[in-house]
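This document opens with one chain alone, in structure tokens, the form predicted on its own.
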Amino acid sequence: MYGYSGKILHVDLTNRKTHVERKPEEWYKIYIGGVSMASRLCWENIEVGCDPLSPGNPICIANGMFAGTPVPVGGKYGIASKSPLTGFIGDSLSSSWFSVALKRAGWDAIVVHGASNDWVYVFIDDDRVEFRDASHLVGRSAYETEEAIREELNDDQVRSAVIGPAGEKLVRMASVTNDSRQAGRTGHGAVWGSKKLKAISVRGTHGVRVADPEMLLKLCYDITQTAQGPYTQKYRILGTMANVLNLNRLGILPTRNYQQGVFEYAELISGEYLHEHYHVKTIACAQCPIACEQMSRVKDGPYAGAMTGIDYEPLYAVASNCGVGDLRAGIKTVDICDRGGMDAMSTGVTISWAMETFERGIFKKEDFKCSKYPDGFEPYFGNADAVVTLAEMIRDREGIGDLLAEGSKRASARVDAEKGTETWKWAMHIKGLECPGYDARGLKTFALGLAVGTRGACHNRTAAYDPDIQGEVDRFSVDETRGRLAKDTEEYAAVYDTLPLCKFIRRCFTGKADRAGAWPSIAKLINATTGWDFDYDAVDLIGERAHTIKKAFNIREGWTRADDHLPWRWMHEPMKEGASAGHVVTEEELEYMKDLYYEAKGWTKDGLIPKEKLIALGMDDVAEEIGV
């Protein structure tokens, strides 16, 4: 095959053994790569019904066909396992050199089974696999671990995916880090920690074969030229931080644990302010002509020296959503999360739940004792140092950080069981995954997209905010189009997540972020890489199949229609100010939209998948297990 090696590496941590699996080309045409292939491998290898932190939950990593080729923004990989936060599919993406090294080593995917008795890292040296002692790496930050392994192997070309202290301590929102990038959401780092797997390191020395190099180079040159133009300008200059002021204007900037949608200090945490006062440089992932990551450094004050890449989603969670208008504290908190190997979004939203619980008098000052504050501290909204301190406590599972490390769903359930309270009403998660940086009371299509999302509350697995924000529909009302829009936008996103390609390239094909513009160009890239004969419809099926295998996984793990829900606050508490004031998503609206969505997907009223639908998608074995 072109574009693939045809080989999947299975690693058994329990017995320290490996074996190679080969899949037919038709299997690759169905699952392609990225989150789709990783989720399919999870489906094939998991112990059904297992605890996510048990040896029966595999780690599945899958490259895309474009890794190691000239295809712009094609240097990404997908990772999947059963999420410690949700109990459903946990699928994430990360970028940069790890995926390229894996492709050059000759592997399309890795499946890690079992668990080690002692801390270990796996070194993949082309087709040779070595289990190496990692005891000396325990306690080191994610960045330190990557560097230590390169020094130990005496090769700066070795690329590693690693966990930090949060993963070691089984913090449920722990992430996996490679090349300073994060596979951040759903808690993969905790799965690695449960297996005592500190890192997977790769040295790849082979080339990557494609079917039509000349055509591929021409296509890539044209896309790269366009990617340097106006369609990506906002990402190149301000990155995703450009979203802050626009979302504040729309009244959907999450503020003080989603109690408000307008933040009075939005200007001080905006992309413009960050660029002027804290920006150091802009960097790009491997194979990326855009460069969006805004490296920012604190220059003065108690957090001087803190530096990391700042994106909108991590920043809103630890800033406006915690009532903090000081970017210095925001940069410091995200830096703590990145170095500790922890998803800053889930961390920030869980902290904001704790702050509201304190302000309502349920938590007391003495509940927040730690080595830094032996008598405790008061984590009221706006207390920047409290946010920084709580991030450190979660990372280390110190004091109340041990509770918060479980995520907002479990933390609120435990508090309510012990105290007879109802803190779950302000625990802002869906299926256990904390909500992203858009208040869905003012985005009805997006509210549906979040509710039905297979991995929980996620802005990356659905683009359903686009019709709302772009004015294609009335964002405050519900009509019969919403089910189709939610279906179309999630499958559109799934194509990019499966190839995988960064979605920031989506306007660089024809200037429009839609199927009609992108799919013909993507088909040409696929065909020049693999020698296949994909057309518009074949590309469209990539997204439907990717979403379907994830949904099938969830059904087998016990999903029901009731799991497609929204946080209580969004359904019962309208905001009082801003452009989205007065609106909620009612129970009736949500159930109506779910009916429309399931119908658009071709599923039953209960959201289950008919056998004939699965068979038509080439998933006959899946149909036998969960089809109705």
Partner chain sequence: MPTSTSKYRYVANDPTKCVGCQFCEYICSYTKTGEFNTYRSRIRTVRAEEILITSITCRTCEDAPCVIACPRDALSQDPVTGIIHVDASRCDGCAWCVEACDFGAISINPETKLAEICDQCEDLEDGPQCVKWCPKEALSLTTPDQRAQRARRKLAVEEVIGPR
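Positions refer to the first chain, counted from 1. Just so you know, these numbers come straight off a predicted model, no measurement behind them.
One more form of this protein exists, namely the form predicted in complex with the partner chain; it is left out here, but the text below deals with it.
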Going by a heavy atom distance of 4.5 Å, is residue 143 a contact of the partner chain in the predicted complex? yes
Classify residue 287 as contacting or not contacting the partner chain in the predicted complex by the rule of any non-hydrogen atom within 4.5 angstroms, answering yes or no. yes
Within 4.5 Å, heavy atoms only: does residue 395 come near the partner chain in the predicted complex? no
Quick one: is residue 69 in contact with the partner chain in the predicted complex, heavy atoms, 4.5 Å cut-off? yes
Which listed residue (471, 207, 361, 511) meets the criterion of a heavy atom within 4.5 Å of the partner chain in the predicted complex? 207
Would you mind picking the one in 556, 515, 236, 507 that has a heavy atom within 4.5 Å of the partner chain in the predicted complex? 236
Has each of 256, 332 and 503 got a heavy atom lying within 4.5 angstroms of the partner chain in the predicted complex? no
For the interface check, one of 311-319, 495-503, 383-391, 70-78 should have non-hydrogen atoms within 4.5 Å of the partner chain in the predicted complex; which one? 70-78
For the heavy atom contacts within 4.5 Å of the partner chain in the predicted complex, list the residues of 291-308 involved, in sequence order. 291, 295, 297, 307
